[in-house]
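So this first bit is one chain, no partners, the form predicted alone, shown in structure tokens.
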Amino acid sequence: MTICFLATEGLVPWLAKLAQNYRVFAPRREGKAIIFRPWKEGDKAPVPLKATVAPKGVMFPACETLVSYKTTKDPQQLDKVSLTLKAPVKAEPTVLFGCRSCDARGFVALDKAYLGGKFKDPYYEARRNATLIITHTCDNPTPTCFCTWVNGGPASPEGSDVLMTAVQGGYVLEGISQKGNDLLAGSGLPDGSDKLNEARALRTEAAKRVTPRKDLSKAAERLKARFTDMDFWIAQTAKCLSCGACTFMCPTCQCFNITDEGDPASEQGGQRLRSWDYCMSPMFTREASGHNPRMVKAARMRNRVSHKYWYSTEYSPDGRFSCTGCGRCIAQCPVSLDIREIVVKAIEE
């Protein structure tokens, strides 16, 4: 493991150096929100806070072109039409800087969905392989954070290539993956081994400030038993607006829709787009026949919660939840619906 020390005043110059070879994404304040945006030389230092929206869009964009297509008629044979397809699957070398451990663990969940099956998603795979994740360990968990409930923590290394911990005078950088170690080995930064104990002590203190942990070991079996208890789900979902804020903020939600846009016969051609969708939408499960198996929001919330704390444990080799405890779904919910309360009630009642 390569360990380096980055002085506070050296952060911006180091990012500028990275930006010469990588497309860098870092958290920036925009109004009241903190959003991951492209960072370039001359920009200010990134905001050292958890972003309002998870950075999953760096590897799984909110909207992307899967294929462009265009039709062309043969001027000699007007009934003969040729079709040209173009699939943009290449990815630029990228550094995702300053995400939190809950965000990095979110990519592990996305890996299962897009890389773990028989067929891999070439678009996600290309960006995943081209991206290096530098995670800023959390030093001030908020009341909505519950990463330790789902077997994570403020400094969990899962999904990260480099862990960065703020200490007196700068940051300790630890290589986690081979990509991370190679980056630090060629960084020219001084050794930071003498500050590692300070970093570990700060992480331990941060973990103590996370909302006291609840035992969720029985969550899967209790949610399975609750599946047909619609009275329970109706009660838990009564104030939900089905707005979808929880899913769009989530680092692990992976639902999408595919649409064809444009006219293939026009000069611009057409595009097949993949866009984020959300399971809390009343239209999400409507079939071509018009039948909708999840017409009521209680059934949609049951699916969302069960997927994260029951279904995912069965198709995951290590039985992990598809939730990293980032708490964004709680913090951004307009009616303060708390997923922790639903799961705990399912277990305890």
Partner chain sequence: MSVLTGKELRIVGFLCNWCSYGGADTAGVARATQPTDLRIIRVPCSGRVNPLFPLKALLSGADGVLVSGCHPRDCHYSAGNFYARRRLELLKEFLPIIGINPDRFEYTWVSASEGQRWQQVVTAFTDRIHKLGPAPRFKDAEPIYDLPGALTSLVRPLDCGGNPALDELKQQIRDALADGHLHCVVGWQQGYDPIHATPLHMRKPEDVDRLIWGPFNIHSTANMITQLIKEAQDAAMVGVKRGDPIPPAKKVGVVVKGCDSKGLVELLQEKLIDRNAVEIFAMGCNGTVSTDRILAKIGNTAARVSAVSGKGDTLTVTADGTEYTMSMNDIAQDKCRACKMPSAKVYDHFAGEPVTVAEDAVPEPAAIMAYLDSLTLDQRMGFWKGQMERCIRCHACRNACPMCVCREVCVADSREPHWVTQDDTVTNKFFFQLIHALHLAGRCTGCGECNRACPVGIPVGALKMQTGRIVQRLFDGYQPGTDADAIPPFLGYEVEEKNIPEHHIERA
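Note that the coordinates shown come from a computational prediction; the quantities given were computed from them, not determined experimentally. Residue numbers count along the first chain shown, from 1.
The form predicted together with the partner chain is left out here; the points below concern that form.
**Q** Among 241-249, 172-180, 125-133, 185-193, mark the stretch whose residues have heavy atoms within 4.5 Å of the partner chain in the model of the complex.
**A** Heavy-atom contact with the partner occurs in 241-249.
**Q** Check whether P141 has any heavy atom within 4.5 Å of a heavy atom of the partner chain in the model of the complex, and answer yes or no.
**A** Yes.
**Q** Hey, in the model of the complex, is S336 touching the partner chain, heavy atoms inside 4.5 Å?
**A** Yes, S336 sits close enough to the partner chain in the model of the complex that at least one of its heavy atoms falls within 4.5 Å.
**Q** Quick one: does A45 come within 4.5 Å of the partner chain in the model of the complex, counting heavy atoms only?
**A** Output for A45 is no: heavy atoms all beyond 4.5 Å of the partner chain.
**Q** Applying a 4.5 Å heavy atom distance criterion, does E30 contact the partner chain in the model of the complex?
**A** Answer yes; at least one heavy atom of E30 falls within 4.5 Å of the partner chain in the model of the complex.
**Q** Does the partner chain, in the model of the complex, lie within 4.5 angstroms of each residue among I35, R209 and Q332, using heavy atoms as the measure?
**A** Yes.
**Q** By the heavy atom within 4.5 Å rule, which residue out of Q168, T204, S217, T259 makes contact with the partner chain in the model of the complex?
**A** Only one listed residue qualifies here, and that residue is T259.
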